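Have a look below at one chain only, the form predicted alone, in structure tokens format.
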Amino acid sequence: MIRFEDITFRYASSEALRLDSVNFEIEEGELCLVVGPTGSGKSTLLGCINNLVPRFTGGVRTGRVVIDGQDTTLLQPRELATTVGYVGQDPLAGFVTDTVEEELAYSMEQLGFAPAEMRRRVEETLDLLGIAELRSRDLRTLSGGQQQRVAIGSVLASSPKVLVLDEPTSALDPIAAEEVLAMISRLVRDLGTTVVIAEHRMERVIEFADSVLLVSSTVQHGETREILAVSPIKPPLVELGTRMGWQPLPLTIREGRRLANPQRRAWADEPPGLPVPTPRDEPKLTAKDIIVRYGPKVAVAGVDVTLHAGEVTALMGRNGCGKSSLMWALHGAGRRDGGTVSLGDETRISLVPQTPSDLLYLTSVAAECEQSDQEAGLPEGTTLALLRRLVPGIEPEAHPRDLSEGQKLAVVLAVELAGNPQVVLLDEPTRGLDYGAKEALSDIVAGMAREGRAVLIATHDVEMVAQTCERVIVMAEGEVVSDGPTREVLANSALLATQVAKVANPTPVLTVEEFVHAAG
């Protein structure tokens, strides 16, 4: 169905090859998961499938792309609209109309479908994706999961043979992510659609994948277990299987629990010793009765929050529960209709938003880093050094808008963290980051906590929370419904438990390191 023949690509602004002699073939009706380090070229590879790369990105590409037996190398992206459906990392940025029904019909209007055919396909798509009740809704009032399904529906309506998805669950809560992935799996199994999906949170997708495409210095394609066995990037469950020597490598929780049975029985007789929370230090931020309203909707309903020095706190909950509204209210740059926020003396507060590109306005990464050093009074090169710890390999002369979403986030993180704030608010900081970058971020956050800073992280990434946070606050409908130690909140949750916690249940082990250490 999709064949890359000796594809090589580099951007015009760089001599470095982004893709080098890439050859692989994806069969019809296959779900292929594309993985690789942040900035390795996954989005570039996806863009080659429908010729967005190099038609809209510039650069030089050689080799051939063949789809369904047709050489598409020289075709314009619009000529592939009924062959390849493409959904980027930010679905909202791709919407061009106002309502769900209009968005589903838009691509067919541009392709000249007859009105009767358009109406039929819109109705079929609404039913297929389970969004019929949303037909008249304003796109900007939808939750993240709903927006993602509409974005997929807008390309599915024209019945493409291939569906290309770039980070479709990166900003979704676990339930919304499962709904989107179940829908994608149904397209593959029931309709025979070929799906190519890039996703950093591999643990969400791996059980659905028929094959894996590993993008690094070279590109490898093969059966899922075969590629993961040699990949430096592994989801926690596969990493656990590798560390424990389990064969075959587990790809699902059911397989993991079966392989872990002997260890779970041993722990039932002699529970392992697990770390306990450290005592809290003095408060750095105290918020009382925070209220945020948008018209008649109450986004935050009288929330109290205290952030302590040296403590890393996770803020969790489904999309639309009020996490971001609360963080902006705490920072002071966002709306706050009631309540008070108190900071310690000479306490500086910093916020990294969900859309980090909003804070990038200079023409190169080096300029952004130099500006950060100057504004914070830091030695030259401090911000750039921090960036290289987060994501190695970003070229200082690259334009920030040319970076991947994960790289943009890393630049903003470096700029904000270099200023040495005492209270740090991070809104979905792991979006677009691979496991290595998330580990580097966790190390930096842990270092800030050791230096006495208070850190609040709004995230859906339970694996990162288990690795990094001591405390978890869970919100629902604008209210706090749970607030306690990470182990207590995550291990006892059917939705927020990590992969390792699900394998080890009922023993509250959260991470691969904890499991391996407890197993002796």
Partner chain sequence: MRPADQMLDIPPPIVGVAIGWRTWLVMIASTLLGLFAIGWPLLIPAVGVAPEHADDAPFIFAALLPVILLLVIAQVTEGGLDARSLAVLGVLSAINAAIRPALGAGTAGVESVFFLLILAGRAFGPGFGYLLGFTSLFASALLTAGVGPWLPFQMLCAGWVGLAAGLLPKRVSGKAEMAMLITLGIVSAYLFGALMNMWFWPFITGIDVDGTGSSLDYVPGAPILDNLTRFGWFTLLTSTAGWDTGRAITTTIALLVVGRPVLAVLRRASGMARVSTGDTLKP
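Model, not experiment: these values are computed from the prediction. Take the two forms, superpose them, and find the largest set of C-alpha atoms that agree within 1.5 Å; that set is the rigid core. Positions refer to the first chain, counted from 1.
Although it is not shown, the form predicted together with the partner chain is what the next lines describe.
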(message) Which is the contacting stretch out of 388-396, 337-345, 266-274, 169-177, given heavy atoms within 4.5 Å of the partner chain in the predicted complex?
(response) 388-396
(message) Just to be sure I understand the contacts: of 402, 255, 281, 210, which is the one whose heavy atoms reach within 4.5 angstroms of the partner chain in the predicted complex?
(response) 402
(request) Give a yes/no on whether residue 487 approaches the partner chain to within 4.5 Å in the predicted complex, heavy atoms considered. (result) no
(message) When the contact criterion is heavy atoms within 4.5 Å, does residue 434 count as touching the partner chain in the predicted complex?
(response) yes
(message) Test of understanding: in the predicted complex, would residue 505 fall inside 4.5 Å of the partner chain by heavy atoms?
(response) no
(message) Does any part of residue 471 reach within 4.5 Å of the partner chain in the predicted complex? Heavy atoms only, please.
(response) no
(request) Verify the flagged residues 13, 73 and 406 against the partner chain in the predicted complex: is each one within 4.5 Å by a non-hydrogen atom? (result) yes
(message) Could you pull out the residues of 49-76 that have any heavy atom within 4.5 Å of the partner chain in the predicted complex?
(response) 54, 55, 56, 57, 58, 59, 60, 61, 62, 63, 64, 73, 74
(message) Does residue 125 move appreciably between this form and the one not shown, meaning a CA displacement of 2 Å or more on the superposed rigid core?
(response) no
(message) If the two forms are fitted on the core, does residue 85 show a Cα displacement reaching 2 angstroms between this form and the one not shown?
(response) no
(request) Align on the rigid core first; then say whether the Cα of residue 360 has moved by at least 2 Å between this form and the one not shown. (result) yes
